[in-house]
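Before any questions on binding or motion, here is one chain by itself as structure tokens, the form predicted alone.
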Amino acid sequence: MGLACGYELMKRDHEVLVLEADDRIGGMSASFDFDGLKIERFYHFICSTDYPLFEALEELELTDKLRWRETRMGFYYQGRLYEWGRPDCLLKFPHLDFLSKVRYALHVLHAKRIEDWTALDREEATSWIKRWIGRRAYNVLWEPLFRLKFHEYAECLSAAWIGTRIARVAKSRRSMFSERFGYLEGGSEIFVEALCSRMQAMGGQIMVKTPAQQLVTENGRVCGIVANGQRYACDKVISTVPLKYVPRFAPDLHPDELAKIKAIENIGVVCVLLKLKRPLTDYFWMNVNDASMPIPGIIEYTNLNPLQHNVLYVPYYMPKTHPRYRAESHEFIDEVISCIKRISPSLTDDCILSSRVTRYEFAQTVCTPDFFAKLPAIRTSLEGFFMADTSYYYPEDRSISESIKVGKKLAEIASVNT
């Protein structure tokens, strides 16, 4: 989001300095060396409706790196793996009655056709889903996903937020029987690097390992930012860090803004990555509902993007205050290996080549009902200071495309004379 915003500002003839606290650019899209394999720390996929990303790829001359692939979805339910995602799979699924299956299908079609999410912004998600598909189908298909991802917030979510997720995936289907997602050959890193290179060629500066420490103001107006003990003069500062960090370096925001920031909760993620000799399954995405498995799903990334070895992402979502968030990495790895061996009993220890755990404490905003009204304004009470984070994708879910969209919006707002 910060890079997209900076690039858009440079196209509008602003001088831009990007400050990044991490040792690399890209945020949740950044890559790392997974024992010889360069790959994103957190998985990404592209949908057919990701128009802001498509426009950016064309502008950066990267359209030829966009690849599409038909994928399959699985559902591991109480000890057995089922194929999922097609009408015939739904009809064959033995754990729901026919009426529940019809109601489930109608709910997906309904969400796919919604254009204005304003009304559902005020409705709670689990009640909305239960009203459409019934309690039995909710318990089988949705309950563990809400519980394992949002814990105590499971029944505090906006129906608009979950509805756009359903719609985004549904609209990516080529037909009722064909699911298709995209990826970038070379990974998200090639997009991040191209964006950085374009900005630097235009005169922009990008500094890593440089966390913002203090916003400098005079008479309620921004005049600089302190980072790593050095002051940088500027007339505008745009923050794309998680909102929870903002009060640390901008404590002079209006009390109402600070209260809104404090009220927004986030879910963290502990993501286990495994590199295998062979595929675990044929599915890109597998939801899990098994009482003995504490995971909501498995993303077998190489069933979307073929690589030299097979790569799995298994996310554990939880608030950073959860007792398990600080658990040792090997505990999560051992637990995931135990789960996948149950899913595929023929998988042996020698098939597991590498493992890694990545963490991020602000992986998912808890988007509660009436969330539009709860977000503080992008243009803040401090003249020249603007802020947004992934909360502002709402009601859309996290994606590189939404980062670009909100980044451009930030640049447009900041470019208007105050």
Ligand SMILES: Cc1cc2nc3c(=O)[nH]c(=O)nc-3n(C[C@H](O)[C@H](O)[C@H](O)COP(=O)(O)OP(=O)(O)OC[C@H]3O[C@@H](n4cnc5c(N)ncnc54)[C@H](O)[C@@H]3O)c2cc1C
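Residue numbers run from 1 along the displayed sequence. Source: prediction; values computed, not measured.
Absent from the display: the form predicted together with this ligand. The rest refers to it.
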As a check of understanding, the residue in Tyr392, Phe34, Phe42, Phe386 with any heavy atom within 4.5 Å of this ligand in the predicted bound form should be identified as Phe42
Tell me, out of Tyr138, Trp117, Tyr245, Phe93, which residue has a non-hydrogen atom within 4.5 angstroms of this ligand in the predicted bound form. Tyr245
Contact test, all of Asp22, Arg168 and Thr240, partner this ligand in the predicted bound form, heavy atom 4.5 Å: yes
Choose from 128 to 136, 208 to 216, 172 to 180, 252 to 260 the stretch whose residues reach within 4.5 Å of this ligand in the predicted bound form, heavy atoms counted. 208 to 216
Using a 4.5 Å heavy atom cut-off, state whether Ile400 contacts this ligand in the predicted bound form. yes
Test of understanding: in the predicted bound form, would Thr368 fall inside 4.5 Å of this ligand by heavy atoms? no
Taking this ligand as it sits in the predicted bound form, is Phe54 near enough to touch it, meaning that at least one heavy atom pair lies within 4.5 angstroms? no
Would Tyr82 sit within 4.5 Å of this ligand in the predicted bound form, counting heavy atoms only? no
Residues in 251 to 276 that come within 4.5 Å of this ligand in the predicted bound form by at least one heavy atom, in order, are Val269
